[in-house]
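This document starts with one chain, in the form predicted on its own, laid out as structure tokens.
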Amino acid sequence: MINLNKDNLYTQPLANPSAFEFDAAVVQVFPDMIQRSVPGYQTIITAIGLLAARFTPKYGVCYDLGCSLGAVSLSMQKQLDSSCKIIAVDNSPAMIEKLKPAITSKHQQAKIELIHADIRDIEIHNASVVVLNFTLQFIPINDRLKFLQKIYQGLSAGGILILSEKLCFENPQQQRLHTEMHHLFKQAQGYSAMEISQKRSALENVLIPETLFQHQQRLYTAGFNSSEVWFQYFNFASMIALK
């Protein structure tokens, strides 16, 4: 079990917040940070486990790309039997080291294979489920289509991609509304206005959101025959793309 240390990284004024990265400081508070920053996060995590059980046959393989501290992998592991395998990948050494002690496998559970690598470099083979849970948004926009095409090619027929992302909106009123509501959500979780502002500055040019239309058009171009939103809470959404 990963310890839940309180996120206090932005409680003090910073003259120039550095670009956000998944370093040791973030890793120490990440579970608290993600729960208090992403509306509906735990609901998404639980549902991904259920979706994995629905789409993964015996001896199936699931990929958790950008696994961070393994919430998705552990959720899937709870639902899959020992014949299945979960390949969890992250490029943050601090994340991988923190996650290692939490990776255990009882005889009736799927095995989790942990890999430290850039997810764009991973070969994907015979995947029943691939998960990008708030991961694609950190990949340069020009790399996203090629990456999704690679995932599509690595999925088995009937497999799925679960894609969770922070969205932006073409309509300025909708964009302002959802941004405001996200800030109110974070305030309700105990973040101050200064913390929210400094975190937003740190993420600028690091996390690049897109519209739902842009995501769905790219998924179609990558080869997926269908993609639909199954969950949305303000400007955070999760989609299922079918092969």
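No experiment lies behind these values; they were computed from the predicted model shown. In case it trips you up, residue 1 is the first one in the sequence shown, and so on.
Only in words, not in the display: the form predicted together with a small molecule, which the text now covers.
Residues M95, N133 and Q137 all lining the small molecule in the predicted bound form, heavy atom within 4.5 Å: Result yes, every residue of the spot touches the small molecule.
Going by heavy atom distances of 4.5 angstroms or less, which of C168, A102, L145, A117 would be at the interface with the small molecule in the predicted bound form? Here the answer is residue option A117.
Just to be sure I understand the contacts: of Y41, F185, F55, Y191, which is the one whose heavy atoms reach within 4.5 angstroms of the small molecule in the predicted bound form? By the 4.5 Å heavy-atom cutoff, the listed residue in contact is Y41.
Which among 213-221, 171-179, 29-37, 55-63 is in contact with the small molecule in the predicted bound form, heavy atoms within 4.5 angstroms? Partner-contacting stretch among the options: 29-37.
Partner contact for F22 in the predicted bound form: the small molecule, 4.5 angstroms, heavy atom: Yes, F22 lies within 4.5 Å of the small molecule in the predicted bound form.
Although the small molecule is absent from this view, report whether N91 comes within 4.5 Å of it in the predicted bound form, heavy atoms only. Judged by the heavy-atom cut-off of 4.5 Å, N91 is in contact with the small molecule in the predicted bound form.
4.5 Å heavy atom contact, L163 to the small molecule in the predicted bound form: Judged by the heavy-atom cut-off of 4.5 Å, L163 is well away from the small molecule in the predicted bound form.
Contact between I45 and the small molecule in the predicted bound form at 4.5 Å, heavy atoms? Contact with the small molecule, yes.
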